[in-house]
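Two forms, one chain: they're shown below as structure tokens, one block per form, named structure 1 and structure 2.
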Structure 1
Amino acid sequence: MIEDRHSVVLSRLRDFVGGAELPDGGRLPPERELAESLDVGRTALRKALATLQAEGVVWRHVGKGTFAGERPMDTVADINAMVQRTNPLEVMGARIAFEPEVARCAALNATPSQIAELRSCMVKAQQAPTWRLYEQWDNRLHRLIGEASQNSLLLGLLDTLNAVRRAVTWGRLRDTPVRPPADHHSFEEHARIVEAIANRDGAAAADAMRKHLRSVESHLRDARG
């Protein structure tokens, strides 16, 4: 019964983090406010936050609060140095070289619950009412693939790459429409990646990820003109 209650609170919190319009820093509301909003006790909320923190969905900064997403790299100076030396095309090149192999490992090692969460992320990205929420679910999908590799070093390298990617922006390319169109290219591409992982087909997962990232690169080039 206690475990069922935890699952309910965890589900409410997970849905909130995935769907809330958070400030740019991704800060969650204070514990008391969040507990009232979710209609849960603060003790149960803290336990659910601890679970999401262990999963890399949120991170905490003592004295500042709880934030959505993975914890920023401690080596901020090193990240900043990399940002200064690189550019968006290099970042995409690095992703194309690296992430397909992460997807290959995920196909070999993903747990059933991770595969289920990948499918859930994919659906929530498709249903996202804004680009910002789409990008949150897209980011979660790609990081979950890293988690599913069951390789902490690969995941750490992926987090470093993502930290650089967030800092090296392509500019605001999406003035309209408000949300991704129904035929957005990533929807079908994500589905191919997830199904390959679910089918334990490492080669297909790597190939699907590579094609997806090349498609992203092509669309970004077109948007930049």
Structure 2
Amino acid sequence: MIEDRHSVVLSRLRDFVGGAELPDGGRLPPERELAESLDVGRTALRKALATLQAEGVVWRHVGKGTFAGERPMDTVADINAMVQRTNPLEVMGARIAFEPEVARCAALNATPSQIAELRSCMVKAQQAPTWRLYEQWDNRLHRLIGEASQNSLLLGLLDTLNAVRRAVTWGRLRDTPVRPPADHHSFEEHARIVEAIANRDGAAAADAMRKHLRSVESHLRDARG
């Protein structure tokens, strides 16, 4: 009669979590206490708790306890926390996954004046007299694309991504007095992106952005590897 034993413990448990209001936010007593109070072995109790957890009625965490209801989510996007967990390779991966789709949206939604601004920004980047200024205009170009998507949420996510990127690659700023070479690979890639957006070609914009970021990634690899 294994099934009987299990069912009995289960129903007693259900009564416990449903019947009484748990004093602390949905938290129920530790397994050892609960086992004794229900006059059951800890093993059987844990088996029943596992069932309830599979049903989504309770959730557990080592060191915290067992709780009734839904598992609470992290509602704060702490950029510092992301920076702690991530690394430059992941950041590049996230950019390659995310920014091409932003560019696709931009191609479909950009206003003519935004397209003009994109072109202007691109030229400014090409004429930048130093690497630092070039990167400044490059950043602005990528953010303008986010603005051109006309989706404030996408823009917010892009800003978050950039904040993490800046934090992770901190100190890697090139501050040489040299200017980027006239045949810098990014120039043509930027042009392709902007033209695709101007042509309202979402697929081409996404593709050009992906190629651009992959190019940046490979150059990063060369520089450091």
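Along the sequence of structure 1, residues get numbers from 1 upward. Everything numeric here is computed off the predicted structure, so don't read it as measured data. Note that the rigid core is defined as the largest set of C-alphas that superpose within 1.5 Å between two forms.
The form predicted together with the DNA appears here as structure 2. D183: CA moves less than 2 Å between the two structures after rigid-core fitting. Shown in the overlay between the two structures, fitted on the rigid core, is a CA shift at L213 smaller than 2 Å. Positional change of L38 between the two structures reaches 2 Å or more at the C-alpha, relative to the superposed core.
Once the two forms are overlaid on the core, K47 shows a Cα shift of 66.9 Å between the two structures.
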